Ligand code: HXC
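Starting off, we have a lone chain in the form predicted on its own, written out as structure tokens.
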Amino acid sequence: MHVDKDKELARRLAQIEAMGGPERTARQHEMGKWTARERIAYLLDPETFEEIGAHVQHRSTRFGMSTVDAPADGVVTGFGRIDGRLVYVFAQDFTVLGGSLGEMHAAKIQRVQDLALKAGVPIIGLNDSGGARIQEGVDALNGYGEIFKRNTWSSGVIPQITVIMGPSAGGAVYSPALTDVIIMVKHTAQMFITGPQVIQTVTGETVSAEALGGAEAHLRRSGVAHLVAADDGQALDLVRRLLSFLPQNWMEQPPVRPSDDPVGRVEMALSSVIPEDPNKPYNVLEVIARIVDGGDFFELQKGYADNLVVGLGRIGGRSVGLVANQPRVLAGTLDINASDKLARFVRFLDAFNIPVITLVDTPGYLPGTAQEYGGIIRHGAKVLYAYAEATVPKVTLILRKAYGGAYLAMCSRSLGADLVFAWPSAEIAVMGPEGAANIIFRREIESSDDPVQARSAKADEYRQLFANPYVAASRGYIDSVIDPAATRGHLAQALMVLYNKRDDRVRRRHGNMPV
């Protein structure tokens, strides 16, 4: 029988374009979700998407699959551009077999993973899937394993960004967890290893899918999510903004954006941001906003371990990563979650040639049995490892408190900071003045007529003698005590002289990071 090739091509292309068909597309829209093609069209620069594998079909014949039509096998893959820069992308389409992952679906994802790694460009995954395709059994499971392997090969080589835009359950959650940044959409995205029904059967607990694995749960409780969006469009906008700070791969420098904000800008407000009372909190975000270009700070993991702030900004048009203790939450102490948040972020910055600026104001580690039993020693060691291992430019600014082990952990000179600055308000000591006075002057305080007043006086004496930046500066642990108003200029100069930093280390297979 003669087949009109042009008509057959047109038929197939129409089928692929429609994916799950008008009824399922309408249902997707009713849930507040876009289709895979709509998401890609919004994410990429107009008319830059080139699809790969559009005609791929599943090969399963079991459980009635031989009669099931699955256009593009439920995943759209290809490449395009964002702000003119090449990226690879895959988008699962829930309108086709619930976006489930089978052998060929997985092969398409693996294909763009391989191509992105070879090209040295970011890869973006738009996940909306019911999980492994049960009808394909072990072939589906093998597909996940191949994807995980490629996630690991790409780690630290190219940026990997995942957007969770629908369900993601079981093995499907591990690929996102292996990527650099996870963005989740409120109300439509869920991630969990075992769903609510299994949990109820096994443990008797009753929990909804949203409470168990929704965006807010993973932003505020588990720390799995880095960013949360109100809808699909906002999530894809966040991807574009994130990429603007990142290089294409580990061998390139991040892009430079023109800035009309003078690098030597003087900010008089910084001279009064630190309260006179050393125990009074303030918002470190006010400091960050006055340091970065135009006050533009892209915070990550906001809502999780808020005693520590991490995020991306620019100084003089160049990308920087900022790590800062937040005195208004738990007094800026370091705890288990903050340690994990910090270590992961510093390693991300180091992987992609982004300098680290650390703003220090911490009285130490959060005390308590929950922290000790939870392994604060092990988790805190991750911070030490991440900073000491990092070879990118590292600049530290001590704003106020820097006590004990936490002083060392927050990128001290000892851990490899290239330049260390301090404001005149900095207090650097083994412990806080009050605690130190209780130990050093215990007998004098106890024998005084007014122990409370004596303790306060001795704490002030200790602060003047030891807990100030000039003692550390005299030992060479601080390079300069600077005027807070001139902070931006000092940081810009430091980054400029460190731009071509080279830091060779002993050759080895890899270290054994505490995890």
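As the structure is a prediction and not an experimental result, all values here were calculated from the model. Position 1 is the first residue in the sequence shown; the rest follow in order.
One more form of this protein exists, namely the form predicted together with this ligand; it is left out here, but the text below deals with it.
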Practice task
Consider residue 270 of the chain shown here, and say whether it contacts this ligand in the model of the complex, taking contact as heavy atoms within 4.5 Å.
Solution key: no
Handout entry: Contact test in the model of the complex: residue 133 vs this ligand, heavy atoms, 4.5 Å
Key = yes
Exercise for the section: Mark residue 170 yes when one of its heavy atoms lies within 4.5 Å of a heavy atom of this ligand in the model of the complex, and no otherwise. Expected result: yes
Practice task
Decide whether residue 94 counts as a contact residue for this ligand in the model of the complex under a heavy atom distance cut-off of 4.5 Å.
Solution key: yes
Fill in the blank from the handout: Picking from 144, 250, 79, 297, the single residue whose non-hydrogen atoms come within 4.5 angstroms of this ligand in the model of the complex is 144
Exercise for the section: May I ask you to choose, among 416, 98, 435, 156, the residue with a heavy atom within 4.5 Å of this ligand in the model of the complex? Expected result: 98
Completion exercise
Exactly one listed stretch (41-49, 22-30, 445-453, 467-475) reaches within 4.5 angstroms of this ligand in the model of the complex by non-hydrogen atoms, and it is 22-30
